[in-house]
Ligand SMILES: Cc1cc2nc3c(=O)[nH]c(=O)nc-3n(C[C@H](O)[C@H](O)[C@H](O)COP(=O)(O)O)c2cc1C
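Consider the single chain below, provided in structure tokens and representing the form predicted alone.
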């Protein structure tokens, strides 16, 4: 199948592929800039910008962590990440991913728009007021992530009634993606909730709202054949995250890439998260520590997400997600949380973004 360009708001992608946003520090300037340069949509994660590589922008620390929400989602670091990405991709469309469930969501959306995002993608909740926060940036396209047609209809109804606009595109994420899921544990393994069953009703809902809204299928997308299959089922394109970790340009540390190279399918597991959703990650020493409730200090230093309730939910599940993702970005195997989609074990070598894009566009034989 020849992949066709797709329009998102006022922006056009040469290829209908969105690189999934991966925080903390996994999809930042190098990966996102490189993907956009190749004609897909590179997506910067606006989550935890004050961590790891950008600590010089942080003024306040506690227990060697960015202290408070404003430091964890650091404005200066966000601008720096976008600046470096632009140096790579020029004026190609560049996206950002912002979880709806974070504290200070409104401010982070505004910061991200001001930093230069062309497209903002939001999941982990229903972004009912997203257009209000981006109102001063009419050229910025807004994309909610949904797991059902019902969720899309709720969002679209709210946006139309209150803001006189509809989503510029939709990402439909099935239950095989890395990180947080929009499903219960039971639904994640239920055949009726798998991506191929969800595409048609979400596409129908999108068309009933506005025929021009493209739907991007996500979760378990691996190669050109998967992209073609999603398009044949009615999607306009795909979003994929984990496979981009297996590139030289990915901002993830080498140990993260090595984990994916070495892991097997049965080492990629669903775990509980302080965010309140199941999450898919590689089983590492951290998971064993969590299971034993042994050895992890749990302090709410960064106050990162609303559902965690200043560490209450972290204590219930046995870990602070901000701390553990920050350790993964720093390459600390013992205490890092390494997210992966269900196909992460299929990464067998590290390649360039250019080579990966050629494979996705033209087929694996390239």
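All figures in this text were calculated on a predicted structure; none of them were measured in a lab. Positions refer to the first chain, counted from 1.
This next part talks about the form predicted in complex with the ligand, which is not shown.
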Taking the partner as it appears in the model of the complex, which of 34-42, 335-343, 294-302, 313-321 has residues with heavy atoms within 4.5 Å of the ligand? 335-343
Do heavy atoms from each of 116, 141 and 214 fall within 4.5 Å of the ligand in the model of the complex? no
Give a yes or no for residue 82: in the model of the complex, does one of its heavy atoms lie within 4.5 Å of a heavy atom belonging to the ligand? no
Exercise: residue 71 in contact with the ligand in the model of the complex, heavy atom 4.5 Å: no
Might residue 95 be said to contact the ligand in the model of the complex, defining contact as any heavy atom within 4.5 Å? no
Using 4.5 Å between non-hydrogen atoms, is residue 221 touching the ligand in the model of the complex? yes
Students should find that, of 167, 127, 241, 237, the residue having a non-hydrogen atom no more than 4.5 angstroms from the ligand in the model of the complex is 241
Under the 4.5 Å heavy atom criterion, name the residues of 99-114 that approach the ligand in the model of the complex, in sequence order. 99
